[in-house]
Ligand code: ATP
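The data below hold one chain only, encoded as structure tokens and taken in the form predicted on its own.
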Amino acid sequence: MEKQNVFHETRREANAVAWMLPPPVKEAIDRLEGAGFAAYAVGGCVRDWLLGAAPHDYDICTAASPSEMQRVFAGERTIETGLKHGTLTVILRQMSIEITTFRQDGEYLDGRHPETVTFTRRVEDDLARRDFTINAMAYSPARGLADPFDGRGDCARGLIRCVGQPEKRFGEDALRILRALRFSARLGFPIEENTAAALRAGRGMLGRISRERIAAEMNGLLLGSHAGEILTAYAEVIDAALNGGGQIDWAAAAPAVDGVPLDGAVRWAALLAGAKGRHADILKALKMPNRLTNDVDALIAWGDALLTADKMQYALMKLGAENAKRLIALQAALDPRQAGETARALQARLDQLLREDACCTLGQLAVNGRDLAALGLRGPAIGQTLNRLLEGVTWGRWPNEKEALLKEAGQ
């Protein structure tokens, strides 16, 4: 690939970017530059700025070695995040800023991490080791934009493209396969033809990656506004990531995933609804948090039950308010009968129950354990009766009134 001119930012644009850098970030860059070391904001923050989005975090790369960085920031609070790899975290004005020495990576023998790291004084060397062109840019108020691989052009074109040879990039770190899908799902950028072919061909390498890292990338992918497009176009890669064994039609889940809100639990439920019976194993293998796993399991278990207004209080009791709302969205995405006006009516009923503080928990019942003990109930019978009364109230079999409930409990 022919490299572009490394520095091509106009002074007017440079001043605009500098103005947008948070003061602690600019201060850190200025202090490194003042000590004679080139320094840049790098990676995602530069990409996000060029795309008109607010960066979530800021990283700095610099020609300064780890020991030189420590001298520059002597007197400041620092954290030795990974000095052997050239990374130091500096706390300036209560902001944590990760600063890393320009580096070149050695061989990736494990398909995930370089065996060695060599420090360099050239920003171009550091950018050349990065995954995608849109992430291989660096900005300095003094030096302008470093963009040797035309990441800025790919931002303008809306394209995910590997730096250099995609087969090499994915062979170095197979997690980049899912990172490409996540960026595409988030940004709505298609994946460049050679990059797409390489990630499809290399999907078997995902077996090298820890389940936790795959889970993190899948979480980000599913929360992208273009997740459905990725599920459709790269179903075989998703299957490799989730160990589907070719037995699950991930593309078929795309409309449901796109049809529910950008919420992790309901998006996972929409994705895994077609893998009923295996969904719990998939989430367990990914070592998902128990709460998310339980929420997804509950939503899938209820997914086939036709939710109606008269069942809503019972559903609220069983699922809780958040999952009841998710269930309305999930069923609308999975079943046309539950969409449109039906979904709006169900949401209105749920809102009404919440406004009225309708009885959905044992604590809201008009009777308690002491009341039942006074009737002569003992031990487990008290809890069993309270649960029976609560279910009856939520189904509308009797009112949540003490006299009516005691009468029922005494029968």
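Sequential numbering from 1, following the sequence displayed. What you see is a predicted model, and the numbers here were worked out from it, not measured in a lab.
Keep in mind the form predicted together with this ligand is missing from the figure; the text below concerns it.
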Among H56, R378, R370, R355, just one has a heavy atom within 4.5 Å of this ligand in the predicted complex, namely H56
Picking from R143, H226, R129, K318, the single residue whose non-hydrogen atoms come within 4.5 angstroms of this ligand in the predicted complex is R129
**Asked** Even though this ligand is not shown here, does R186 get within 4.5 Å of it in the predicted complex, heavy atoms only?
**Response** yes
**Asked** Do R349 and this ligand share at least one heavy atom pair within 4.5 Å in the predicted complex?
**Response** no
| Is T120 close enough to touch this ligand in the predicted complex, meaning at least one heavy atom pair within 4.5 Å? | no
- prompt: According to a 4.5 angstroms non-hydrogen atom cut-off, is N135 in contact with this ligand in the predicted complex?
  reply: yes
Full three-residue contact with this ligand in the predicted complex, heavy atom 4.5 Å, for K26, D147 and G151: no
Per contact check vs this ligand in the predicted complex (non-hydrogen atom within 4.5 angstroms), the hit among 268-276, 201-209, 170-178, 74-82 is 170-178
Looking in the predicted complex, the residues of 43-69 with a heavy atom no more than 4.5 Å from this ligand, listed in order, are G43, G44, R47, D48, H56, D59
